[in-house]
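One chain follows as structure tokens, the form predicted on its own.
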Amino acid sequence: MTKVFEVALGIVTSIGGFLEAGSLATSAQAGAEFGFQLLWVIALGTLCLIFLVEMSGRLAAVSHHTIASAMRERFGFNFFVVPLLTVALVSLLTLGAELGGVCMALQLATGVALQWWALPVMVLVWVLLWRGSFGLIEKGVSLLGLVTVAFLVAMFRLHAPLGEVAAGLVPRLPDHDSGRYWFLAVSILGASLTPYLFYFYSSGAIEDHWDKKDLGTNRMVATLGMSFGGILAAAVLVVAAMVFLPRGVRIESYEQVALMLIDAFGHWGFWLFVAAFGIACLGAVLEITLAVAYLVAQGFGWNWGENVKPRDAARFAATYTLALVVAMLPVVAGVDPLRLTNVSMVLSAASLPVATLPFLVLMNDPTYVKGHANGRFGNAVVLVVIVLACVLAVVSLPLELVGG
């Protein structure tokens, strides 16, 4: 029963932690502008994420290395500094977008401008990291994030046309505004495959002391948790398509997104959205901040761990403190959080080859994974999606920046 409870809790945690500002914003924009046409991108990103997350847990369980520590050991620090800087910089940008998401939720709830919430939110996150345990971060906030299931309930309350939804899972070329279509496609992939997710997952497996007996748990958590998380992202797209597309609304701000649940739940839909958005972004802020600290500490060989007292891992604690301060700056400066989210998701997709290709080498190296190396199908799926995301990012980002 203990193992069943562990698997169930891991799956629920994955669902609660999947949907955040990146997935919510990109899915809502895609639905509002292209109906169900981009559902296939969510499915593709979720499939690739399942493989990457399962690989991350398998590497940690078999080798007792995180991705970062194994990469540094296998390739040397001079090589590792490239993915270290790339992932850290993209993660900081994503962290700023998620921190802005928490502040935007508070602005929606109170009417007080988001800039004024930046410092209080940063301090709250810092206190949770300083005083909390990994279990609190991994399970506590993510369990609260289950409020995002409201999007799935809304999809059924609005009587989504399941035949048309299923048709959206088949890839197709856009019938209008191709530049915007592909920009949103790569934004969705970037939101699904942000590198911090699998770096954080491998570190969490070490924090939870996984070994080979946990490989079955890892497979179930990665497969079911990420699948259900992908379903939530798809539900956001479907609800946005049904609410905004008939009205001709193109989403330019989170204030517009906040109205998407009102058709399904009435007045309470607004408050459900605020709660779901704020809690989901808070969970992402905690995870990304830890992921940056994990990456830097493991890269330099410092003592690290959320379950380690700050005085025993001072440089680790200093790293997540600095990351929070840096991420707070664009929010204080008044950078539009939705715009920052879009750009950070595309840059996340563009960084995938640097962040992931060395990881795939590790997953085929018997020195680390012994008899648990990758299969050909898993390698092929990840490589195809990474190349696709990178090409789309290189092409679509300049188009978006100059006006689509």
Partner chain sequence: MVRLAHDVLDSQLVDRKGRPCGKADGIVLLVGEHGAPRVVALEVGALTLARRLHPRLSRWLARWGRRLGAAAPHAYRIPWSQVRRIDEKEITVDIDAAATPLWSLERWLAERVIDRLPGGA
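Numbering follows the first chain given and starts at 1. Given the structure is predicted, the values throughout are model-derived calculations rather than measurements.
Form predicted in complex with the partner chain: not shown, discussed below.
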_in the model of the complex, is there a heavy atom of the partner chain that lies within 4.5 Å of any heavy atom of Val112, even though the partner is absent here?_
no
| request: Check whether Arg376 has any heavy atom within 4.5 Å of a heavy atom of the partner chain in the model of the complex, and answer yes or no. | output: no
inquiry  = Within 4.5 Å, heavy atoms only: does His65 come near the partner chain in the model of the complex?
reply    = yes
>> Against the partner chain in the model of the complex, would Pro174 count as a contact residue? Criterion: heavy atoms within 4.5 Å.
In response: no
#### Entry: Phe36, Leu158 and Arg339 all contacting the partner chain in the model of the complex, non-hydrogen atom within 4.5 Å
no
Within 4.5 Å of the partner chain in the model of the complex by heavy atoms, the stretch out of 191 to 199, 166 to 174, 99 to 107, 311 to 319 is 311 to 319
Partner-free chain; cross-checking the partner chain in the model of the complex, the single residue of Ser56, Thr46, Thr356, Ser69 with a heavy atom within 4.5 Å is Ser69
Among Ser133, Ser178, Asn303, Ser253, just one has a heavy atom within 4.5 Å of the partner chain in the model of the complex, namely Asn303
Those residues of 363 to 379 with a non-hydrogen atom no more than 4.5 Å from the partner chain in the model of the complex are Thr367, Lys370
